[in-house]
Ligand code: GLC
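Given as structure tokens, the chain that follows is alone and in the form predicted on its own.
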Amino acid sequence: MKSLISPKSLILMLIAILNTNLYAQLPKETPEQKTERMKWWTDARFGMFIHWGSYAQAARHEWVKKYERITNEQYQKYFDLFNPDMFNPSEWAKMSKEAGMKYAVITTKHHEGFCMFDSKYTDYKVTNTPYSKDIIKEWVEAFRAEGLKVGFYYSLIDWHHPDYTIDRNHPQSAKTSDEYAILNKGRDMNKYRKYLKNQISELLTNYGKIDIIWLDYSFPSGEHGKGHDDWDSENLLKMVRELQPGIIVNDRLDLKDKEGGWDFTTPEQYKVSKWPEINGKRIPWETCQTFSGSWGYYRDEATWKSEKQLLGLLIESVSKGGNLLLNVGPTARGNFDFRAQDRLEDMGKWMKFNSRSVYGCTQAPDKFPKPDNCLLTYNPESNRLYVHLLDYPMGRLTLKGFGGKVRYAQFLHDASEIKFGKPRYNVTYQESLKDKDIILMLPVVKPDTEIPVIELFLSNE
């Protein structure tokens, strides 16, 4: 039987496979080395996400191009008019820092394909708009000046690039495979993959030390999706780690089963029920959340979360060993929506006095049961436990199972002592208290803070 592949072709294929496998070997590190590399991020617990692009002018969701099936020609007006004349990254950085955030991640390119940095590989970039300046350069300098760690979001998806093949998430998505074949005639993902790598190389070369990179996102399941082969994820990630050895990488390259293929998992827009695990082992995680229902600026979106909801989201994330990356979608003029500013200010007021229950904290040891309507966080270095009172009790708080484990208690916001109490009784009723329980005596009036925090100094066992 005659071979369908010539010997020469077979040799070339084998060489290509070998070269790819050799190149795609990701750096190895021990669990201890990974923990040390990620320690600043784990301790920080709270960061800012910024979704900003030309879609801010439409002001009706960052996916507006997809949702309304807008063509490149129709979408061009947003590029032609982009001029955020009020953009002041120093103000953004100060607001982020005052809110208690320790790091920030900004969209360098979202799915629309518009680049917020000065790339030499495209004309579809901010420096060719009326604004004309490199926004990413300005942003990085301002946030670093405030002592914040900086991260880049880069969309693997691109609805503008002529070689990016149309898939089910594309604005011009089709209904049948035959229609996709017609739409994708002449498009070449090899060229797009090269473009993708070139741009990420620019971002990780031209702006100094980058602490985090968010590559977003893979959707391999089902028809007309994209996964690691479409991005050449292993080689892409190897390049990332070579250019920025200490960088922290999210988990959206479709390399979850590859050692070294990701650093943290990213539950989006929901609260986890427990600390995420893989094969029974807890993993680093960060939930990314919006103030409202949109990532980009959405003028008419009204489902904004309250101060208490946002604080609860932060505290609950830390109480399960995770981080919160809270998103702001700036307006087309370059400022933060007044509602976002209000929420950031509120969170900052709380964090000013209660951040000790967030920074460096994690899930409480199992020997401390969570009281009703409370959340617990724990700092293993200081050996202090923090009780967050989501609903303020009527004068007393019973901590079941805490007996003999606490030597002192105080409110965190003002360091005022909280005394231990005894069981109540009257002429008809005697309250019982088990040896393993303690009672904290609280003032009748709730302290002037949205969620009061009790700091427990634990006994050295």
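Everything quoted here is computed from the prediction, not taken from an experiment. Note that residue numbering begins at 1 and tracks the sequence as displayed.
One more form of this protein, predicted in complex with the named molecule, exists but is not displayed; see below.
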| property | result |
| --- | --- |
| Partner proximity in the model of the complex: residue 153 to the named molecule, non-hydrogen atom cutoff 4.5 Å | yes |
| 4.5 Å heavy atom contact, residue 288 to the named molecule in the model of the complex | yes |
| is_contact(residue 51, the named molecule) in the model of the complex, heavy atom dist at most 4.5 Å | yes |
| Interface membership of residue 63, the named molecule in the model of the complex, 4.5 Å heavy atom rule | yes |
| Interface stretch in the model of the complex with the named molecule - options 219-227, 74-82, 106-114, 378-386, non-hydrogen atom within 4.5 Å | 106-114 |
| Joint contact, 193, 231 and 262 to the named molecule in the model of the complex, by non-hydrogen atom at 4.5 Å | no |
| In the model of the complex, the residue from 305, 252, 102, 160 that sits within 4.5 Å of the named molecule by heavy atoms | 252 |
| Listed residue that, although the named molecule is not shown, lies within 4.5 Å of it in the model of the complex (heavy atoms), from 214, 164, 297, 139 | 214 |
| Interface residues of 258-275 toward the named molecule, as seen in the model of the complex [heavy atoms, 4.5 Å] | 268 |
